[in-house]
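Below, in structure tokens: the form predicted on its own, a single chain.
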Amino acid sequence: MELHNFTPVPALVGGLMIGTAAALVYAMNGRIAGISGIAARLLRSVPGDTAWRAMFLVGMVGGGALLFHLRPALAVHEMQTGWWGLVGAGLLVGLGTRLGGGCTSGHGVCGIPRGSTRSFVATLTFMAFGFATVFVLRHLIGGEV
């Protein structure tokens, strides 16, 4: 097995930043930092509950844009699939987050630390299907992942 793009220090720093952000959102707002829930509830605006959601999403996108500006070598410059593959994957992720009652960030980063059984099962399901997808693509179809 070959490890490609193995970067433990940036991964650790990124993980600490994500965990800190999730803890701060929960401590300061009593809310879960699940991106699909934040975005969905931003679209269904509730008075008094919109500003923090908008700021969180702007900060996410802005942080990525700032890092791209400061360290462009870290950015991925080519897609592994075409536009239709990207659209299809996005639709499947969107459908999965609605069916699963949240996304990987909500369940894996926020739900498991709170001891949520539902989040534990959801995260196991995400991981199992991710492993199965890689297995099918690499060993049955023969493609690169």
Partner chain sequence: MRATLFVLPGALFGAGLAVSGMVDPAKVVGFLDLAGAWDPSLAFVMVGAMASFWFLTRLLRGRTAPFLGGSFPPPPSGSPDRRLLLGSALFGIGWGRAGLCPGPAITNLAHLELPILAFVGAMLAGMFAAQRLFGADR
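Residue numbers count along the first chain shown, from 1. This one's a predicted model, so the numbers in the text were calculated from it and none came from an experiment.
Omitted from view is the form predicted together with the partner chain, to which the following refers.
Not displayed here, the partner chain is approached by residue 61 to within 4.5 Å at the level of heavy atoms in the predicted complex. Proximity of residue 47 to the partner chain in the predicted complex: non-hydrogen atoms within 4.5 Å are absent; the residue sits far from the partner. Residue contact check for residue 43: one or more of its heavy atoms lie within 4.5 Å of the partner chain in the predicted complex. Annotation for 110 to 125: interface residues with the partner chain in the predicted complex are 110, 112, 113, 114, 115, 116, 117, 118, 121, 122, 125 [heavy atom within 4.5 Å].
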